[in-house]
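Starting off, we have a lone chain in the form predicted alone, written out as structure tokens.
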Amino acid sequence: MRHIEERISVPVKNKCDVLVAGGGIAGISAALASARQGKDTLLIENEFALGGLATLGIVTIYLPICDGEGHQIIYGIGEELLRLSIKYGIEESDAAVIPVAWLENGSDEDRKKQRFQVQYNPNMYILELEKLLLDAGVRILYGTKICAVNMLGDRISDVIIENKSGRSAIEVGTVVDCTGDADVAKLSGAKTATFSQGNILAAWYYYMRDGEKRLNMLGFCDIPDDEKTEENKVTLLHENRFSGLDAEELSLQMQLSHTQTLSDYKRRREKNKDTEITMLATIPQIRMTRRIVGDIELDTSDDKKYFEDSIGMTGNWKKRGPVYEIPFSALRSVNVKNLLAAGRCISVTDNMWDVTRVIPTCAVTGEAAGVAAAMFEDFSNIDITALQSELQKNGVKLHTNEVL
């Protein structure tokens, strides 16, 4: 391969206490939590709207913040963002019904029958999420890619970005990687791992039929190989699998997704001439790509396990019953002292990755990372009690014995 040597001087044009990389649900939660701690917080987002897969990817189901057995387990920003998503009403579909038992103070028995999840309008959510961050004092820089970092020993001193203004650097205090792909972690030399199974093709889209808007989940999502049985096999839209970490591959994935969408739309339109597509995903619908490798890799076998450094909890969106405490050590890089990961970048096994990559868990880890990034400068040695106390002030429940 031919190489060209590039030598450029990059001006330091910006500075912040906390830099949040990525404006999905994890990034939104991290930036909001940091700003509410009074820190100068800058959120970097490649697209020109917030929400990531939850809006631009039209994966518009806010999965359960309960355990499926009548206990709410996610509070704080995780619950706040769920309620914000339905500010203008709830979308009903085969995948989600209005959780009346939860929204109208239903009985314990009613809550056991119905999980606390909702489906929402992605366009209104984009607008409300942006307003939420701006009102909190978060600075947002859209249309910006992080292309390198400058290291000073075992710390990130500057993050190098590129956008319409060209290439420049941002001097940072702490960094939260919410890119979904652990991009900052990779650039900084932090230990990372990839999802070897790869992602299957998905082509979700909204369409209107007979005056009613519907979400078509064309190509759902895969499950880890060792969980597969004859009963839960996934029907593939295409034989290709995608790592989500290669530019040409991602371009192909979007093209194949568009092809499947057009074919499906034509089929539906033949049956009903009033059918019209109303919204396409504008980013690849990729679920698991790359993550950090921390001191611990949380696993599905850790159901109801006590972690002294827990920063919140999550359930299992795929089945009722499990409750997992999430340790701070799953958010921390082992070799980059001022870097945390949140969202689908945290340190988990492949099986647990499929549990923690979803909206509510991203909000939990994002909030914890944002508070920690605002409170400390070296994550290798923090006062975990002080962090937990601050999270509890925000309404977060830390351990299973608080909710079960």
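The model shown is predicted, which means the values in this text are computed figures rather than measured ones. From 1 onward, residues are counted along the sequence shown.
The form predicted together with a small molecule is left out here; the points below concern that form.
> Though the small molecule is not shown, can you say which of D158, D183, E91, E130 has a heavy atom within 4.5 Å of it in the predicted complex?
The option sitting close enough to the partner is D183.
> Using heavy atoms only and a 4.5 Å cut-off, determine which of A101, M279, I146, I86 is in contact with the small molecule in the predicted complex.
Here the answer is residue option I146.
> Picking from 350-358, 332-340, 65-73, 369-377, which part of the chain touches the small molecule in the predicted complex when contact means heavy atoms within 4.5 Å?
Looking at the other structure, the answer is 350-358.
> According to a 4.5 angstroms non-hydrogen atom cut-off, is T174 in contact with the small molecule in the predicted complex?
Heavy-atom contact with the small molecule at 4.5 Å: absent for T174.
> Any chance A31 has a heavy atom within 4.5 Å of the small molecule in the predicted complex?
Residue-level check for A31: no, no contact with the small molecule.
> Would R111 count as touching the small molecule in the predicted complex under a 4.5 Å heavy atom rule?
Because no heavy atom of R111 falls inside 4.5 Å of the small molecule in the predicted complex, the answer is no.
> In the predicted complex, is there a heavy atom of the small molecule that lies within 4.5 Å of any heavy atom of R115, even though the partner is absent here?
Output for R115 is no: heavy atoms all beyond 4.5 Å of the small molecule.
> Kindly confirm or deny that G22, G51 and C362 each have some heavy atom within 4.5 angstroms of the small molecule in the predicted complex.
The answer is yes: all three residues contact the partner (heavy atom, 4.5 Å cut-off).
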